[in-house]
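First comes one chain, alone, set out as structure tokens in the form predicted on its own.
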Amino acid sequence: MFTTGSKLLLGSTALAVVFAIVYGVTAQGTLGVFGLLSAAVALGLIAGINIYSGDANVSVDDTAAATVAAAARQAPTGSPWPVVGVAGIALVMIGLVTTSMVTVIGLVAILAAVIEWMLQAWSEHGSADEAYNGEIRARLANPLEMPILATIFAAIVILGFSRIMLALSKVGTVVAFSVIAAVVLFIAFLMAAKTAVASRTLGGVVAIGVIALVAGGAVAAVSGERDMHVIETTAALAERGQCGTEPSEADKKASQTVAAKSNQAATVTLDADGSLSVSVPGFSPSAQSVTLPRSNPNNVLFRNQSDHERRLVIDLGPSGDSESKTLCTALVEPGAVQLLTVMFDKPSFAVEGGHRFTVPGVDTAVLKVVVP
């Protein structure tokens, strides 16, 4: 009549009552007595339910229980999503003391684990047929999972390639990229030719390649990028205040010609006598001043008619937090021409001394610029 479970619960109920009596007599405390009696009532209630349900035991004469009972169902498969969720929580904790990007990755991992775990639990309760459960899960989840997984895979491949290529030397980058491209082409040929190579073998090769790519990208990211030579520009020279007569890297291989379609606003010429003259399309040449509009880009051609390499410089006055903003061309060879694009944000009267074109090394080369 009494099953093992009901015997255990009834015995626990009796012990709780005995302990309540003993505690009440010895300690004479009401709180402990009420606690033990509450435990006895709870255990007695559970024991009654257990006796009523027969401890969920199935009779040997019940043939239908072999297929209908819950114990007859196949146990659910293992799920990796709890581990992914715990890893996401760990990443969130690490991100709180490192960088926000790690926190974002952890939150995405937690969200993905919750959604995937819910989908798996829902599909496993669909029927007793495991194959049918997998089918209904794939029907619901694949349209969402496939694009996201493809995007993540592509991002990993691109990021891994970029880190490896940036860490290698120029020659090493060419060699590595050629070898990787040849391997990918060979694998694609085997898959297209439908040779006797097993799909598992190809899958293993691809998996090893992806792991190697990720590992190589991680190592390259930790080691850092190779030293890359930054080509200097005239803007960097002007920012450092080096628009003088000394040659620099920005002057090497600088263009000495300008296309006819440059849409120049004016042509400033350094004559052989060391003076600056200006010509504006549609107006007669002048050696006094040039008028240029404000808040518009002005393409100014600088033509060097002297016997030495020279550069054209203009001081635009204070701009923002900087004391003075300067623009200059590269060194222009004798008889050559370069383009300088200037945009004025202040009129001439708002700048102390006004705007002027000058040529370093030639004191007489000064041209006033009028900006309305």
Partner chain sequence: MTFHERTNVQTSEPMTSVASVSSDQISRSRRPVLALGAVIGAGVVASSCAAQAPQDTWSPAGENAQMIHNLQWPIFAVAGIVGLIVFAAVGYAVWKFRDRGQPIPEQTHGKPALEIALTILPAVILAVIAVPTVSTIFALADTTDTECVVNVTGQQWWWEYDYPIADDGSICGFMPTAGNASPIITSGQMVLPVGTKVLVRGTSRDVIHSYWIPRLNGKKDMVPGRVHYLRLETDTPGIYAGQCTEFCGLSHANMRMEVIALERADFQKWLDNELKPYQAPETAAAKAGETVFIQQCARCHQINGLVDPINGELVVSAPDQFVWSGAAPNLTNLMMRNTFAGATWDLLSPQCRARVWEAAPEEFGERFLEGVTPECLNTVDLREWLRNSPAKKPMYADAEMLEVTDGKTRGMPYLALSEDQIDLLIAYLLERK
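Computed from a prediction, not measured in an experiment: that's the story for all the values here. Residue numbers count along the first chain shown, from 1.
In what follows, reference is made to the form predicted in complex with the partner chain, a form of this protein that is not presented.
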### Query
Looking in the model of the complex, is the partner chain within 4.5 Å of a heavy atom from each of G282, S295 and F349?
yes
### Query
Of the listed stretches (300-308, 340-348, 45-53, 32-40), which one has a non-hydrogen atom within 4.5 Å of the partner chain in the model of the complex?
340-348
#### Entry: 4.5 angstroms heavy atom contact with the partner chain in the model of the complex for A141
no
### Task
Please check if I94 has a heavy atom lying within 4.5 Å of any heavy atom of the partner chain in the model of the complex.
no
### Message
How about S123 - does it come within 4.5 Å of the partner chain in the model of the complex, if we only consider non-hydrogen atoms?
### Response
no
### Message
So, A265 and the partner chain: in the model of the complex, are they within 4.5 Å at any heavy atom pair?
### Response
yes
### Query
Only one of T269, S162, S286, T173 has a non-hydrogen atom within 4.5 angstroms of the partner chain in the model of the complex; which is it?
S286
### Message
Using a 4.5 Å heavy atom cut-off, which residue among S275, T291, T103, Q242 comes into contact with the partner chain in the model of the complex?
### Response
T291
#### Entry: Heavy atom within 4.5 Å of the partner chain in the model of the complex - qualifying residues of 354-372
V370, P372
